[in-house]
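Presented below, as structure tokens, is a lone chain in the form predicted alone.
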Amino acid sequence: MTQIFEILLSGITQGAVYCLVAVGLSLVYGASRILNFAHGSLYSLGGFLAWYLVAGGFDLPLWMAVLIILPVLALTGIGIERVIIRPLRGSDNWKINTIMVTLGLAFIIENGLQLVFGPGTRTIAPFVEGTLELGGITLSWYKVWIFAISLMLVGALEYFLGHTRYGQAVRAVSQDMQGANQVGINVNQVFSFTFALSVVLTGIAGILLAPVFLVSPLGGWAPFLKAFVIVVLGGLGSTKGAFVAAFILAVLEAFVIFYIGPSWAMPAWLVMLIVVLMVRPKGLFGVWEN
């Protein structure tokens, strides 16, 4: 029984980080109906920037590195929306075009990371060491802190979206873009903001997971694929759905890895996705219309 609780807690802590990556992807889709294929590469970018500032030559403390990286990530998100996405919005088939463009952007970021940092993997030391003993269950303090930070960030995002005027503007744009524009909401500004927030969230996930999974230039595809499955399972555009789906799939993954093996984790996710979509085609909390 203790072992089952240990696996369950491991899945829950992992789910908090998956949630952080997936919520950013879901937020952008919900507001702008754009599926950002560069989301995983931006995850790697966050991890590499942290490594460069902490262990790559500057030897900064992690908290100071994060304070420097967050504005960089936010400006990167704004730049992507204004320079790459916005010019395509008025064109025919703009949704397909943005998918292709963000896919190309992912390759550009990956190759850029290889040129600057080299093809190898990098890591940074965890900011807290040691383990926590709880009723016979052993958890690393680092995973406990990852869980707490991720949950706090997702909670803050939900509060922002539900209880602030700007958050309600984001929700209004996600529900009816033309209607929001007619009542005076600056839709372009909301798009830029959601892209900035999305890149910041996935970048933070890349930083938090760098000591656990390492960072590599091509390592963003696995987080992106997992975030995509989570977002589809939870319901495209639903941050609440992404939150719930992230924990369901992370717990499933923990049990599958323990009892069957790591190579069966992703197939188990896809089977779960297929089963849920057969019952609920829009996902658990789907708001997807087109």
Partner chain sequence: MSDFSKPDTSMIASVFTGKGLVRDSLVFWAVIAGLAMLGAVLGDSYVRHIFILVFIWCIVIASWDLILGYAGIFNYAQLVFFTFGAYGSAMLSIYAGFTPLLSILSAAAIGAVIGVVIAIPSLRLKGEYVALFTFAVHLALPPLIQQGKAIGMGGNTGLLGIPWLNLFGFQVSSIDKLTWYWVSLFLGALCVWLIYFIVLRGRMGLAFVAMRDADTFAQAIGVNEYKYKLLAFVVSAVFTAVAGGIYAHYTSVVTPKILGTEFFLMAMVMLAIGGMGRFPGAILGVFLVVIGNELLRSFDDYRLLLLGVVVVVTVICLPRGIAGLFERQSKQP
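Positions refer to the first chain, counted from 1. These numbers come from a predicted model, not from an experiment.
Keep in mind that the form predicted together with its partner chain is missing from the display, and what follows is about it.
Enquirer: With its partner chain left out of view, choose which of L60, L35, I257, I248 has a non-hydrogen atom within 4.5 angstroms of it in the model of the complex.
Expert: In short, L35.
Enquirer: Please identify the residue among I99, I137, L153, V212 with any heavy atom within 4.5 Å of its partner chain in the model of the complex.
Expert: None of the other options qualify; the answer is I99.
Enquirer: P119: heavy atom within 4.5 Å of its partner chain in the model of the complex?
Expert: No, P119 is distant from the partner.
Enquirer: Can you check whether K95 is within 4.5 Å of its partner chain in the model of the complex, heavy atom basis?
Expert: Because a heavy atom of K95 falls inside 4.5 Å of its partner chain in the model of the complex, the answer is yes.
Enquirer: Are any of the heavy atoms in Y159 no more than 4.5 Å from a heavy atom of its partner chain in the model of the complex?
Expert: No, Y159 is distant from the partner.
Enquirer: Even though its partner chain is not shown here, does Y29 get within 4.5 Å of it in the model of the complex, heavy atoms only?
Expert: Residue-level check for Y29: yes, a contact with its partner chain.
Enquirer: Just to confirm the contact call: exactly one of 240-248, 260-268, 65-73, 43-51 touches its partner chain in the model of the complex at a 4.5 Å heavy atom cutoff, so which is it?
Expert: The contacting stretch here is 260-268.
Enquirer: What are the residues of 101-116, in order along the chain, with a heavy atom within 4.5 Å of its partner chain in the model of the complex?
Expert: Residues within 4.5 Å: V101, L103, G104, L105, F107, I108, N111, G112, L115.
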